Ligand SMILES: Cc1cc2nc3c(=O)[nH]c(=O)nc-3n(C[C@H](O)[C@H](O)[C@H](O)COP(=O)(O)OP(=O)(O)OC[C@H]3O[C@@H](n4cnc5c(N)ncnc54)[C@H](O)[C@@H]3O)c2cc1C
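Shown next as structure tokens: one chain only, the form predicted on its own.
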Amino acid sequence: MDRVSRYTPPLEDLRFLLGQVLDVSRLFNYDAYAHADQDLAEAVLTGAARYASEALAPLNAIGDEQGSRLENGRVRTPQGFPAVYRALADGGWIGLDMPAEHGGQALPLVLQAAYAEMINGACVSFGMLPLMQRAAARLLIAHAGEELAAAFAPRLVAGDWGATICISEPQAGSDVGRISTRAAQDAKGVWRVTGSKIFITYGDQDFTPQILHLLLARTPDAPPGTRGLSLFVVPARVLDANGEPGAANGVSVARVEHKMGLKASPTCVMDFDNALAYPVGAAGAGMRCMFTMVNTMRLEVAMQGVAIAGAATARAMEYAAERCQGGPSGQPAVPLTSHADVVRMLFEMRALTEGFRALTLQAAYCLDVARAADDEKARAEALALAEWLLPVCKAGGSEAGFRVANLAVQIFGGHGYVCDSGVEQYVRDARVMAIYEGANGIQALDLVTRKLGADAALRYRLFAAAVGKDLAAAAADNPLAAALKDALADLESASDWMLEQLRAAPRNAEAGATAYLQLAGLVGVGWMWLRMSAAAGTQLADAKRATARFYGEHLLSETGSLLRRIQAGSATLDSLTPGELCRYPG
């Protein structure tokens, strides 16, 4: 049996969320988005759905089977990938939300996020490169000089050139301050970079003739730690007099990693040998410049998790409705949907997928308001709420993708464990999402220390107020409202405790950070289910309200145990020495 490689775009749910829950038409009243309207939004959704399901999805299994490989020093991507990439770039899809002055369409980020779900749901390995291009273009526009940005950003937005983000080194993964790659000026005053980088997504590819490497390096006499890091753009090929790629620039691929998943996306070890480089931003400001990309990257990884969850859920629902197993002896076998535990798993898949889809789109909507609103206070509050939601979405969405993919394999049973069904690939592809672009433990620390602990907990207060406002407006017979009210009270208790520990015993706050992030995620998704159940029309009402009720009964009930875990502090974690903890009793 050939491997199944198909994708069902969640068009109905995206239309519901964008139209009835978020009401994105309000964005078109802002000057920044006045050139767009509902008809254009619908064209984006239907066009992306068609491209994802017809052109891209058939490559998902091919990409997983063939992988990207290193041949004669260059990466070769799987069969069909370059042609499908060219169609994406020629269609203008890479620049959906990018500024018009740099060749983009300047559409709302929330539309780009909806598009991104469908691209990643069809083939997440493919979706990694457009993400790098958008992130790099945003960084250059924000921090490069006008001449450099004008030369490079439009080529990325158009998809003519590729891009990478080069941070990690063998001794410096999340510990960025230990980066040792060096940048120095030669006798002519030209900057040159020498060093090695690891885990570089699309470090090389056969889609574009040029790749721009956005790279952190340490300059001579720079102080230790992150304060000594500067940002450079290093083209794979030196630019000729016309600004086109010319001779090689001392950039080479040492290895393409063999990975658990995302096999079509080449993850490279890159060597830079006296490569010509252009400084971006001020000396020593490399990390601050890189943080420009945080919103772009975290939002997209959250949507990657949602995309995997959505693809896996669609496949599981289809299989459960058709596959017959069990039932009374002597009678025909019954569909899997006749079994309560299978129904429980399907409800959980829907609750997590649709809930995190809504929450991630809400974060994107907030970023749009922060960018475009006329009122300064509205912009500031929208940005603060988005900053609260982003680590919750990145961690929660990535973990939901893995959890839902595992449930899909469980529903398929033995057929899910073998490769023919195609669902085991979802598990493998999703696993890394909790690791890259800031491991989820780092997201938890960020939420507690930088989001909750800063500015008198402003970001949390805005979030809690938004949830409370919708709770106050909820119908008396909404079965989710009471559960969400209790969950919000647990989060309030946890937040008060965390704020006290940040002042008095930071180690306790660190110990409970992951549980706190999970609690915030449960409340955030519960907030979305409250809104979805209220907004659901006749076509979606039964399914949405039943899933909202399931969420309240089966998932929100976890907040009490999370609160107890948070308040346990670090005493047990610190009860063994590192030597005792890591002594394997073998």
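Computed from a predicted model, the values in this text were never measured in an experiment. Position 1 is the first residue in the sequence shown; the rest follow in order.
A second form of this protein, the form predicted together with this ligand, is not displayed here; the remarks below concern that form.
Taking Ala466, Ala149, Met287, Ile198 one by one, only a single residue has any non-hydrogen atom within 4.5 Å of this ligand in the predicted complex, and it is Ile198. Checked against this ligand in the predicted complex, the candidates Met317, Ala333, Ile442, Ala482 yield a single residue with a heavy atom inside 4.5 Å, and that residue is Ile442. Here the chain stands by itself, but in the predicted complex one stretch of 90 to 98, 75 to 83, 244 to 252, 160 to 168, 160 to 168, has heavy atoms within 4.5 Å of this ligand. Remark: Arg461 does not count among the residues lining this ligand in the predicted complex, judged by a heavy atom distance of 4.5 Å or less. Among residues of the shown chain, Glu437 is one whose heavy atoms approach this ligand to within 4.5 Å in the predicted complex.
In the predicted complex, this ligand sits beyond 4.5 Å of every heavy atom of Arg178. A residue is said to contact a partner when one of its heavy atoms sits within 4.5 Å of a partner heavy atom; Ala372 fails this definition for this ligand in the predicted complex, lying far away. Residues from 249 to 274 that approach this ligand in the predicted complex with a non-hydrogen atom closer than or equal to 4.5 Å are Lys259, Thr267, in the order they occur in the chain.
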